[in-house]
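Below you will find one chain, with nothing else, as structure tokens; this is the form predicted on its own, and questions on how it binds or moves follow later.
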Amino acid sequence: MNLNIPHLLRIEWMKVKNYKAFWILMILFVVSMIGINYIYWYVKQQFVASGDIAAQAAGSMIFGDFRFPAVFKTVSQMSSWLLYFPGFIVIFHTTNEFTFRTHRQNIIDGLMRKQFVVAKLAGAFLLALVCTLLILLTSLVFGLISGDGYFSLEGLQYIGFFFVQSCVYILFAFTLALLVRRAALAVGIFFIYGLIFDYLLAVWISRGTETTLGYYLMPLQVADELNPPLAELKKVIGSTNQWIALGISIAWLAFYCFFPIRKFEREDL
């Protein structure tokens, strides 16, 4: 079987380039990402301008540091709340294939079932990469305007963590869309589960075992642990190991790649 990824990506691009929902959600992601970081940066500047040492320390803990090298961590943390936008893109795009039966037409036109799913997976990874590059660019801009010209690439690993986190969110959304096949239902489950129940289950398991086990088990929470908000505060109450969280996140990504292929190859169209 020929898995020509560039060719499969071109097929996906032909499907989304005139899709209004894709562009609207991407614009919302970019605007919201810049906006939320600007708000936090502006508030942090007010704490700095106050001259109060205690207020500055509180500001750094709550709003992060936008100077190099901490800016990569801060922008990644703030922007991770917005990963539902690319997740919605994947859900709408995938469920439309089933709503309008274009998945059947692709198979009739000669695309193998595995190629169809691999095209979707490649598009999801590319979308995660685009989001990550936007985060990197935003980090560089805020770092340069906050640090009096000082520049450093130290802490760049947090951009890599964001890429893995975005892949987990996007591929989780893709797997959900493949299972549910209804846009409204998939979006509702993705948003509510990701925002509320994934974390609650992690807390419940962790309290029951008196460990941080729950934060490693939940599919989205473990990715959040790569760069958790208020990480400094979490150190006081117990925190997870980032590198263990990274390994488990990659294991979830392997599952999100293997399961959709196997499912789509075996089920009726």
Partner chain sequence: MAFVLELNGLTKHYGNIQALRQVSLEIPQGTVYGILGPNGSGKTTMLGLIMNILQPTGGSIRLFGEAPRADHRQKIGTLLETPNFYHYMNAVQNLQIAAAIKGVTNPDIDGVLEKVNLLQRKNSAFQTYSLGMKQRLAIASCLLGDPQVMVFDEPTNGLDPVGIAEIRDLIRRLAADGKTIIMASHLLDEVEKVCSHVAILKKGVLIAAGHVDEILAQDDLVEVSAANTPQLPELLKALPHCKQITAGDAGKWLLHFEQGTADLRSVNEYSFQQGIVLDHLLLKRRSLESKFIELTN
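Computed from a predicted structure; not experimentally measured. Numbering follows the first chain given and starts at 1.
Another form, the form predicted in complex with its partner chain, is not on view; read the next lines as being about it.
Visitor: Looking at N96, S80, S146, Q157, which is the one with a non-hydrogen atom within 4.5 Å of its partner chain in the predicted bound form?
Guide: Here the answer is residue option N96.
Visitor: With its partner chain left out of view, which of V164, A183, L111, L136 would have a heavy atom within 4.5 Å of it in the predicted bound form?
Guide: In short, L111.
Visitor: Okay, which stretch from 128-136, 147-155, 100-108, 185-193 lines its partner chain in the predicted bound form, with non-hydrogen atoms inside 4.5 Å?
Guide: Selected stretch: 100-108.
Visitor: Should M14 be classed as touching its partner chain in the predicted bound form when contacts are defined as heavy atoms within 4.5 Å?
Guide: Heavy-atom contact with its partner chain at 4.5 Å: present for M14.
Visitor: Would you check, heavy atoms only and a 4.5 Å threshold, whether F258 touches its partner chain in the predicted bound form?
Guide: Output for F258 is no: heavy atoms all beyond 4.5 Å of its partner chain.
Visitor: Is W23 near its partner chain? Define near as a heavy atom within 4.5 Å, in the predicted bound form.
Guide: W23: no contact with its partner chain in the predicted bound form.
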